[in-house]
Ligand code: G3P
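Here you get one chain, nothing else, as structure tokens; it is the form predicted alone.
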């Protein structure tokens, strides 16, 4: 299971890297727009920080030829560890086929249905990205769609794996982790919920208070008798 940060804010990325075993960063046009900065300035900063970890960057052209040109520049600027996010739509599939021929790594993104993701996998996508919470918002079961897509890929002998995205809560993430999906990409807010909570904090604080009552304030196992 690979764990990616779904964010373009370098300060948030640095913070999560400091504490958690993450494998890379996923960006999209919306996340880049929130920085208010030039896209490649942001992306170069992220690349410099994460080194050889995987970085996901989305092409925004409406047509296949434009997506391919964007992909070439993105890889030229940011390195071969950068995967291009291509929407799983007809022009996107056309672009994917060309990127596969050129050996440029890519992801099928904006996936809401099993067939969207399956076709992207057939085109050679290294990952396909079902939008779990957005699927829920349409009245369907986002986790189940993701699992059905994983089954369709595995049962047909394709090499793609899921990079499940768009989560509202930690339960959605945990269900997919439990089922062994290849990757998830989560926001800093969801990251915080994966390992924290009031009950956890209270337990840690209780241990510290009990130890202080025995040894005195500020004493730890490093300097106690």
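Positions refer to the first chain, counted from 1. Computed from a predicted structure; not experimentally measured.
The protein also exists as the form predicted together with SN-glycerol-3-phosphate; that form is not presented, and the subsequent description refers to it.
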Please run the contact check for residue 184 against SN-glycerol-3-phosphate in the model of the complex: heavy atoms, 4.5 angstroms, yes or no? no
Exercise: residue 160 in contact with SN-glycerol-3-phosphate in the model of the complex, heavy atom 4.5 Å: no
Is residue 57 close to SN-glycerol-3-phosphate in the model of the complex, meaning a heavy atom pair under 4.5 Å apart or at it? no
Is residue 165 near SN-glycerol-3-phosphate? Define near as a heavy atom within 4.5 Å, in the model of the complex. yes
Each of 6, 28 and 131 near SN-glycerol-3-phosphate in the model of the complex, meaning some heavy atom within 4.5 Å? yes
To test your reading of this chain, name the stretch in 59-67, 37-45, 195-203, 166-174 whose heavy atoms come within 4.5 Å of SN-glycerol-3-phosphate in the model of the complex. 166-174
So which bits of 74-92 sit within 4.5 Å of SN-glycerol-3-phosphate in the model of the complex, heavy atoms only? 85
